[in-house]
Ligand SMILES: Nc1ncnc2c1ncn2[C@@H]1O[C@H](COP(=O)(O)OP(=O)(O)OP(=O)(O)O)[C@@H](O)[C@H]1O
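This document starts with one chain, in the form predicted on its own, laid out as structure tokens.
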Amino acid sequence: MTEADVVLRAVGVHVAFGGLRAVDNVDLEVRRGELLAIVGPNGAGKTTLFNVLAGALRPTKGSVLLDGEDITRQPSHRRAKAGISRTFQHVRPFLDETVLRNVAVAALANGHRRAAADTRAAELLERVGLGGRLGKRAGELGLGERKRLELARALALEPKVLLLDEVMAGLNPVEVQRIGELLQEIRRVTSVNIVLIEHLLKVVHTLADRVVVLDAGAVLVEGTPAAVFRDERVIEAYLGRKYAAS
């Protein structure tokens, strides 16, 4: 593997809040064409690491590189322009705006003119299954629809790297399946590289090419889903030592 094969890299990233090490010397690669899943128990540092990658939080130590360029000091809006887009575990639509307007705002931020932004937004909303909801207020959508709206907004920035923070949290099995199928379609028809924080391990098995497991802020293990979820260290981190030995 060469440097050209890596689109996003974290090098020795460390985040401390007082005496608490939230992220502990993490090295991470996002390789072109892959879907990378980041998993771990609650409090493992997953969202904190995402905040560092997206520019919402500057690391105490370490660096972040996009296509080989050091972007550690760039704020989130500049990283969005450069090609890093994200969703949030707790969705944040503009509740009083229409579904179309929610996505068009992101397209405008990406440099589209108003008419082109509306057209692009409509295309993306059709892709995520909200083509019939363009004129609805975002506040009228259910949770599953809001998750898809958030995904469309993130895609409107035309990212190189899409960071998805528990995009399936709180959804029923049918909605989970729809989001999974949508992510597979996005991979087929775009060049977006996806990094997924997800607690549904069956989803990770199905979607991910590679898995990184965090525990207490540090990388515990990484590899293919099949190998990672057989690892005794991972079983112990999730379920406890007695299960790892069984």
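Fair warning: this is a prediction, and the values are worked out from it, not measured in the lab. The numbering used is simple: start at 1 and walk along the sequence shown.
Keep in mind the form predicted together with this ligand is missing from the figure; the text below concerns it.
Proximity to this ligand in the predicted complex holds for none of 162, 184 and 189, with the criterion being a heavy atom within 4.5 Å. Taking 180, 55, 41, 62 one by one, only a single residue has any non-hydrogen atom within 4.5 Å of this ligand in the predicted complex, and it is 41.
Mapping the unseen interface onto this chain, residue 119 falls outside it, with no heavy atom inside 4.5 Å of this ligand in the predicted complex. Residue contact with this ligand in the predicted complex: residue 226 places no heavy atom within 4.5 Å of it.
This ligand in the predicted complex comes within 4.5 Å of a heavy atom belonging to residue 22. For the chain shown alone, residue 166 is a contact residue for this ligand in the predicted complex, at least one non-hydrogen atom being within 4.5 angstroms. Partner contact region in the predicted complex: 41 to 49, out of 201 to 209, 28 to 36, 64 to 72, 41 to 49, criterion any non-hydrogen atom within 4.5 Å of this ligand. Taking a 4.5 Å heavy atom cutoff to this ligand in the predicted complex, the one contacting residue in 81 to 95 is 89.
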